[in-house]
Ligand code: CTP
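Next up: just one chain, as structure tokens, the form predicted on its own.
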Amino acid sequence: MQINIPGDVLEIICRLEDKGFEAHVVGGCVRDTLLGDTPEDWDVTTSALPEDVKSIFDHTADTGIKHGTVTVVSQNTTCEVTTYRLDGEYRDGRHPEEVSFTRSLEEDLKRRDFTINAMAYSPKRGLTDLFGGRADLEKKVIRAVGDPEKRFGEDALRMMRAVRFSARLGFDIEDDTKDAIAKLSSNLGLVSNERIREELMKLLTSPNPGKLRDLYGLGLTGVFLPEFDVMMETPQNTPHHIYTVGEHTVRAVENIRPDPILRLTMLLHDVSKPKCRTTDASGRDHFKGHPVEGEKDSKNILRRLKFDNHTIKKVSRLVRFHDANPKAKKTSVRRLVAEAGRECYPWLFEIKKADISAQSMYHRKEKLSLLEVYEKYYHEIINDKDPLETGDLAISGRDLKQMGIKEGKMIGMILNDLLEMAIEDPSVNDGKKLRQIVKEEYL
């Protein structure tokens, strides 16, 4: 077989080999090429020591010199070149105590996580596949290299990576590998929340986000997102639902496009339902107040997982208003858009459609019809430039000062009052009319 390696990467391999060293492309780029995909990155592994690599190439950066990685910078690309290595003992479930270099490609490949990521290719030597990675690609399975318990003991994040690769590729996890994850799932607690967050987002935005069920079934969410476990175990005895809160959530995630904000919102939109659940005398469940509580709880969860402030603000705000259903009146829609804020739109329409599609068929047609009216009025409001915040008013704080109102709090109160009037009747938003109202009611 032959792999077409980009010219700049091929030149790196050739120059290393011209100096008497072995060099191969390795890992994900080999896997993706065999799957017929275009790799995002090309990594090279070599028998050359880091100092050898730096002496051969003019432009390099010590991006991971401790672990043998030097980035070679060429005209059109950057490429990580890593020396064959052996990892020492892992005592913290995250990092080897020490790294030593080796001249053996086999020893280097032995330390890798999964068979499909443990293949190397050289134009001279062809494909090196010591652990059956190509066969596992054909069988569509994720299998650990060697002893899965040892691999996961070395780096507990590999357990999440197994599920993430399963989601990205649509593969199943091999039984022994799966059993090892279930046995060692608590070790994920040794991993930083930043690393967990990165794996979670790759899974969430993959073609198969429903693999969240595997994170739950294998005990992984119990470590970093215990709220999800409670959701999976909370029933919804109501005509509007046929699934547990968690299963409804997974289906809602599956029903929305793979935008990080949207999928995070669907993951957390009902996070507070379990604690808000009450059951009436007829046995019907209610979840009053769960969007308001959800805004608070989603903020706490996202902070715990070290998300950035923009993501926290956006997702928690969308969670807060995901269940808002204005009356089929333009004024009601205008008022809700003003309350939620422009930043929630048009995202909320996608969110509500995904939410409804993960519910029962009870009144689904009516819900979707009302949503169409809601969206229609929203677009009319935006196109007509109806006032939604005080900055949209045809009068400003400076105007009020010129009219003789000096106190800041009073100016703010008047602007808010005028906005309420303009939301109710946008025709009020005229400079002369607003000044006349101020003269009659506040001066």
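Just count from 1 along the sequence shown to find any residue number. Being a predicted model, the structure only gives us computed values, none of them experimental.
We do not show the form predicted in complex with this ligand, though everything after this point is about it.
Q: Is H290 close enough to touch this ligand in the predicted bound form, meaning at least one heavy atom pair within 4.5 Å?
A: So H290 does not count as contacting this ligand.
Q: So, K367 and this ligand: in the predicted bound form, are they within 4.5 Å at any heavy atom pair?
A: Taking the distances in the predicted bound form, the answer for K367 is no, it never comes within 4.5 Å of this ligand.
Q: With the partner left out here, check for me: in the predicted bound form, does some heavy atom of F171 sit within 4.5 Å of this ligand?
A: No, no contact at 4.5 Å.
Q: I'd like to check something about G68: if you look in the predicted bound form, is any of its heavy atoms closer than or equal to 4.5 Å to a heavy atom of this ligand?
A: Close contact is absent here: in the predicted bound form, G68 is far from this ligand, nothing within 4.5 Å, heavy atoms only.
Q: If the cut-off is 4.5 angstroms on heavy atoms, which of these, D355, E247, D155, D214, is the one near this ligand in the predicted bound form?
A: Of the candidates D355, E247, D155, D214, D155 is the one lying within 4.5 Å of this ligand in the predicted bound form.
Q: Just give me the single entry in H240, R111, K299, R335 that has a non-hydrogen atom within 4.5 angstroms of this ligand in the predicted bound form.
A: Result of the distance check: R111.
Q: Heavy atoms within 4.5 Å of this ligand in the predicted bound form: which of the stretches 257-265, 162-170, 367-375, 134-142 has them?
A: Going through the listed ranges, the match is 162-170.
Q: Considering only 38-54, what residues come within 4.5 Å of this ligand in the predicted bound form, judged by heavy atoms?
A: Only D43 sits within 4.5 Å of the partner.
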